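Starting off, we have a lone chain in the form predicted on its own, written out as C-alpha cells.
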C-alpha cells in the first residue's frame, strides 16, 4: 500500500515526462482546467450537468457557464438529473434546462451529441442519480469543476477540484476571469454567480467566505450588479405553507441532546404531504437549530420515497464530511455534508443517535 501511494505521488510529480515515456498513463490524470482556455476559441457542442436536486450554487454555476460559453459561440445545453426548486426559476436561462428524469430521450440525445461535458458541483457520477451510468458511458471530453473533497479524478479529462473555494459559482467566476474573458460578465452571469456564492456561504457567515469572495462581489457590484434583487428572489420567494411547515417541525420534530451539543430533526413522509412540501421547500431548515447556543452538530433526516436523505452542519472542529462518509454513505464539506440511508426513518434515526454517542468526545 505504501509503495502504491509513493508510486502515484511520483507519477503526479512527473506527469509530463511520464506521459511522454508511458502514453498509456495519460488517461489516469485529470489535466489542469487552464489547458482548455485556448480551446475555448473553437466552437463546440457542449452539455453541462450538475448533481440531483440542484441548489442555488449548482444551478447558478451551470447557467452562468452556459451564458459565458454561448457568448463564445458554443452550442450549450444544461441538463439537470432531476427536477429543482422553484425558487431558482428566476435565473435567466432556467426555462431551457432539461430535466433528465422527465425528458430522458431528449436529454440523452443532447448528451450523445456533446463534444464536451462539464460536470459542476459534484465530483463522483453517482451524485447524478439516474444519469450515473449514462455519464460513465459517454466518450466525449469530460471536465470537472467542483469544490468537494475526494473527487473521482480518473473519470475526467480536465478539471479543477478546490475545497478552499466557497462555491462552484466562485470557480466559474475564476474561469471567466483567468481565461481573459472578464468583459463577458453580464447581468445574467452576475446574478447566477452571486446566487451560488450567497447560498453556499450562508449569506457570507460561513468560514468559506474568504476575502476573495468579497472581492468577487465587489467586482460584480462595480459592473452594476443589483444584489438585493437576487437576495429577494432566493429568500423571499416561498409560499405560506413552507413557513407553517418549519414552525411545525421545530416544535414537534426537533430533539436537542445537550450532553452531546447536537440537534436531530426527523421529517416523515406524512409531514411532507400534510404541508404539501415540494422540492426545495426544506432548504434552510437545518440553519435554525444552529442558532442555539453551544450546538456543534445539527442533523436533519427527511423521509423520501426511495431513501432517507440526511443533511449535516457543524461548528468548530467537528468534521461533517468524515461523519457522513463513515455512517451514512455521504460526504461533502468539513462543516456541511449530506448522506443517505435505505433504512426506515425510525431505524436510521436510531443509528444517528448511536453514531452521535460514539463521537461524544469530539462533540463536547
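Computed from a prediction, not measured in an experiment: that's the story for all the values here. Residue numbers count along the first chain shown, from 1.
What follows is about the form predicted in complex with guanosine-5'-monophosphate, which we do not show.
Among the residues 242, 142, 165, 127, the one placing a heavy atom within 4.5 Å of guanosine-5'-monophosphate in the predicted bound form is 127. Interface residue among 30, 40, 322, 336 relative to guanosine-5'-monophosphate in the predicted bound form, by the heavy atom within 4.5 Å criterion: 336. Although the partner is absent here, residue 67 is not a contact residue: none of its heavy atoms lies within 4.5 angstroms of guanosine-5'-monophosphate in the predicted bound form. When contacts are judged by a 4.5 Å heavy atom cut-off, residue 311 counts as touching guanosine-5'-monophosphate in the predicted bound form.
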